[in-house]
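Listed next as structure tokens is one chain, alone, in the form predicted alone.
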């Protein structure tokens, strides 16, 4: 088991290294000047700024410094936010993104299990067709479209009711989180719904379900004790990567709803060509996703030691 965990950790570190390298190459390949921006400056000021950020060094030296700092957990100082490090941005704003992501995962998981169960119970009937139509829309329509439609609908609802039912944007209270969490979790909810439907329909024909019916158990008990408990396992299997994906995938949603999370700063950094923020947040999010995948792999290995054999089986 120890070798299994060590192998996963080593592969994870290698993956993070390739993410960091690809990000560094991409940032230094795109056109633009992160220092100049829209401001004019004298050659002396420019030289001082290049010296401060290490841009006067050869590209290979910059790459080595970047990797060495990253190994120490130091992602550097922002080009556009004066005297503010990327680590400070992560420390202050990742909790906001994490909280929004957790709420979105709760919404996605609960909705996916509920709607997936309904579609399986009413297979090929009207509820099944309506929910599967919603699943197709949830998977195919981008999140920012739902965000814009949600804001429009909420604005109209607030106007009709004469009071603020829910805030259209901002952050601070639970009411601010409701619509962004729903929008962010819609795609994953649709995927979970389809997964639950397939899993439940497969379990319906299993021998242990037939045995439960033959024993005279009530349909409700059969569903909750035998069908749902086994059908939910595939959802739990992908829950770890789904948490990482939702938490790191709210860039546009956070920008649309003016949420002060990491996604908003990432979008701003891309617009302003802030190399250090882009590279730091990309590596941080990549490492977080890799960590969640490794955690799921380790849980698999604890639950079923045969998984550690991998290709040897």
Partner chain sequence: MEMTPALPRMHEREVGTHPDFLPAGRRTAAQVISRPSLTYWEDAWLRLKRNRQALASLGIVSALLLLTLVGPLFWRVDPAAQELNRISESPSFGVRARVIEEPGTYEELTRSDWPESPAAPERALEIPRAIGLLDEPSILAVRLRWEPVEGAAGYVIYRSDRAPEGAGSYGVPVGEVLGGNRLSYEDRFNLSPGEYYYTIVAKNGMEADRGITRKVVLEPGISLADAQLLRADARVGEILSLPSHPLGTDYLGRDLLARLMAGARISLFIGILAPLLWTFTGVLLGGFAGYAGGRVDGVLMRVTDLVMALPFLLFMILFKVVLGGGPGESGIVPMLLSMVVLSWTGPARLARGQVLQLRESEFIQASRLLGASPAWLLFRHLLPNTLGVILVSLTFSIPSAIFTEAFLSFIGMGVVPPTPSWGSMCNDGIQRFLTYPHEFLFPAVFISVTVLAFNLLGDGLRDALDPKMRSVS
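Residue numbers count along the first chain shown, from 1. No experiment lies behind these values; they were computed from the predicted model shown.
Heads up, the form predicted together with the partner chain isn't pictured, but that's what we're talking about next.
- Comparing 206-214, 68-76, 190-198, 225-233 against the partner chain in the predicted complex, the single stretch with non-hydrogen atoms within 4.5 angstroms of it is 190-198.
- The partner chain in the predicted complex comes within 4.5 Å of a heavy atom belonging to residue 149.
- Contact check for residue 62: no non-hydrogen atom falls within 4.5 Å of the partner chain in the predicted complex.
- Although the partner is absent here, residue 278 sits close enough that one of its heavy atoms falls within 4.5 Å of the partner chain in the predicted complex.
- Although the partner is absent here, residue 55 is not a contact residue: none of its heavy atoms lies within 4.5 angstroms of the partner chain in the predicted complex.
- Applying a 4.5 Å heavy atom cutoff to the partner chain in the predicted complex picks out 136, 139, 140, 141, 142, 144, 145, 148, 149 from 129-149, in order along the sequence.
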